[in-house]
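Next up: the same protein chain in two forms, each one alone, written as structure tokens (structure 1, then structure 2).
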Structure 1
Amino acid sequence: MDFQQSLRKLAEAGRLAVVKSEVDPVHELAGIAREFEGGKVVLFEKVKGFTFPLAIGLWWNRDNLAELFGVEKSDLSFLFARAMASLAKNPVAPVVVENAPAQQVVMEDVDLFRIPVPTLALKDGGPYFDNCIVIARDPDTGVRNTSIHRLMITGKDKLGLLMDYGRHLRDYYERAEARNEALEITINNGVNAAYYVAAITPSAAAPIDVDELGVASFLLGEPARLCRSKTVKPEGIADAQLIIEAEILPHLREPEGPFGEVSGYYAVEDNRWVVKVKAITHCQNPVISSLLPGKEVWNSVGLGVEASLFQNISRQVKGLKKVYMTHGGSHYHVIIQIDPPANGLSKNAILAAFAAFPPLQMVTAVNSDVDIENPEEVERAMVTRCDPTRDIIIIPGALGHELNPVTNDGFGAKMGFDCTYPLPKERKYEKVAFQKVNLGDYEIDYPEKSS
């Protein structure tokens, strides 16, 4: 299933909105996408000044993803966890295929300005590719790496790149740069969601000597499909909509940013890495894929860590039922559902969560009679079961996420809210309940508004 087939599958399930009007890729497109954030995937048929259409929002809703992966949405994080765990046991290596769809058309003169790439937030420094899958090879071992990096278009064959500290791509680059060499990459746009999961697999599950494309193979049920590049050594994704073959230049930094980031704040402009494009190929009539930083990222990162949080916390405390990385918490907030067998263990669970996923800023613990995906229910638990003199934990001077503006480059405090009731459970904590019924069993009329 390629990206366009994924969109068709979502359309058949009533999960696609198609914008027919012509839309300006500068600000207007993202403004419309923002209205749909968390709901249907949006396909923009006419992007002003371009021929290719563009789709956005594949990752901002778990129902969409459950449809694509053919599982219940409550199983998504466990499916991803199994795919990531397969790397340690029996990873399936990718295959290199001939006549790749992604290479049907070779762009004659390299020109990034012919691809519809939106300028998203009002103060962004330019158009951004923000969900492309970057593939590189370790300059020493040749092991392949797959990750996502934001790329700002700064010229017809030039991009500005961000590589955070600790990223494998940056490690590869620094070793190439030390030899005065460029690091070759492919930048793959519009792929089956399985490749995206591979790219966001954390380094704890895919160390630097492991090819994370095994995660994609696991989810696809067949080896990931690559194609030999025309101008660089790393392969591209054979079924991508579009592939940019490029290199990250040594000893060169140029302004990149600002960019409206996943945190909901702007990353500032700074001198960062420079990518020179060598070739662009695409399938016949590609649909470009983009992403609105926000729910799409919290949800995808959240799905990647939920199952591992579940396992890690369960190892420390009994009674854990479920964990949920909220759609509002910018992957800094997890809600844990727990019926602790003894007083105090809910606080231990909160501490275990912080230890298991350092970017967390906030952990909320509730009992199993609270629906953790329903913010109203969680809020009610907070105002009725969390005693601020006893149940709020503050941990000063810990390491969090550097993009979170409340921290100092990541250094700051964390907070936990224990919204579980004390044991033994007093009657005053019993929630009001009503008889369960099935509305389908009743004849119900819905009188329409008279005009």
Structure 2
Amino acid sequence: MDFQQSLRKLAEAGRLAVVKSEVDPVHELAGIAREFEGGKVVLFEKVKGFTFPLAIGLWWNRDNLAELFGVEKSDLSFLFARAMASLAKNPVAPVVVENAPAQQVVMEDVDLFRIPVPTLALKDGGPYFDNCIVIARDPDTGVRNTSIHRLMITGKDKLGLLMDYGRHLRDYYERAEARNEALEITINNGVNAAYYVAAITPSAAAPIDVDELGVASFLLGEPARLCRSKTVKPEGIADAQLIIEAEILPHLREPEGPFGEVSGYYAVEDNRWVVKVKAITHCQNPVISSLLPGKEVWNSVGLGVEASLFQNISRQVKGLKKVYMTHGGSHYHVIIQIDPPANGLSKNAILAAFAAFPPLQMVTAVNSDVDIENPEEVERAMVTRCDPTRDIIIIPGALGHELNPVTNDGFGAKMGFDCTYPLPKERKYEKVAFQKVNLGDYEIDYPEKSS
């Protein structure tokens, strides 16, 4: 199932909104998308100045994703956990196919400005690709890496790139740059969601010597499909809507930014890495894919992180039930649901979470009688089960995420809240409960308001 087939499946399920009016890709498109955020995926049929349509919002609703993956919403993170666990067992390697749909059309004169890439936030530095799958090969071992990075269009054949500290792509690049070599990549737009899951797999689940595309193969139920590139060594995704073949140039930095990031704040302009485009191919009549930073990232990164954290914490601490990355906390706050068999283990679980996903700034632990997706229940646990003198953990001087403005280039403190009741459980921690009923069994009238 390619990206367009995914959109048709969502349309059949009533989960697609189609904007037929012409919209300006500079700010107006994102403004409309923001009104739909968290609901239906949005397809813009007419993007001013462009031929191709654009879709946004594939990841901002977990019900939409459950529809695509054919599971219940509550099972998504567990499905992703199984997919990521497959990397350590019997990963299915991708296959390279001929006559790839993504290479049906070759752009004769490379020109990024012919692609409908939106300028999203009001102070963004320009149009951004922000959800493309970047594929590279380790300059020493040849192992593939699949990841997502923001890319600002700065010229017809040039992009500005952000590579966060600690990412595998940056490790690849720094080793290539030390040899005065460019790092070749493909930039893949509009793909099956399975490839996106592979790209967001945390390093704790996919070490640098592991090809994350095994995750996509697991979710697809067949080997991931790649195609040989025309100008670079890394392959492209055969069923992508569009592939950009490029290289990250050594010893060159140019201005990139600002960009309205997932943190809810602008990442500032700075001199960053430069990507030179060598070729562009696409399928017939492609639909370009974009992402609105916010719920799409919280859900996509969240589901991947939840899956990885569940695996890593469970190996160390008993009693873990569920992990949830909150929306209000960006990807800096997770809530873990745990019934520890002994006092103190919930604090161990908090520390294990920080170790497994360094960008975390805060971890909250609650018992299984708390709905971790309900902020009111979590807050109630915080004020009734967390004793500040013994249950707040502060870790000073730790490495976090450089895009979090509370840190100093990623360096700062972390905090954990143990909101689990002490063992043995006392009666005072028993939550009030009521009889469950079905309102359909009762005759109920709802009088209309009189005029």
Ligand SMILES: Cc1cc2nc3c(=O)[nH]c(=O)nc-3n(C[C@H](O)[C@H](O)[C@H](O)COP(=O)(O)O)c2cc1C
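Here the structure is a predicted model, which is why all the values come from computation and not from measurement. For residue numbers, the reference is structure 1: its sequence is counted from 1. If you superpose the two forms and keep the largest set of C-alpha atoms that fall within 1.5 Å, you have the rigid core.
A.B. asks: Can you spot the form predicted in complex with this ligand among structures 1 and 2?
C.D. replies: Structure 1, not 2.
A.B. asks: Quick check: G57 between the two structures - does its CA shift reach 2 Å or more after fitting the rigid core?
C.D. replies: After core superposition, the C-alpha of G57 moves less than 2 Å between the two structures.
A.B. asks: Hey, does G264 budge by 2 Å or more at the Cα between the two structures once the core is superposed?
C.D. replies: Shift at G264: below 2 Å after core fit.
A.B. asks: What is the rotation of the smaller rigid part with respect to the larger, given in whole degrees, between the two structures?
C.D. replies: From C-alpha superpositions, the smaller part turns by 15 degrees.
A.B. asks: Look at the Cα of P375 between the two structures with the rigid core superposed and state its shift in Å.
C.D. replies: Taking the core as reference, the C-alpha of P375 is shifted 4.1 Å.
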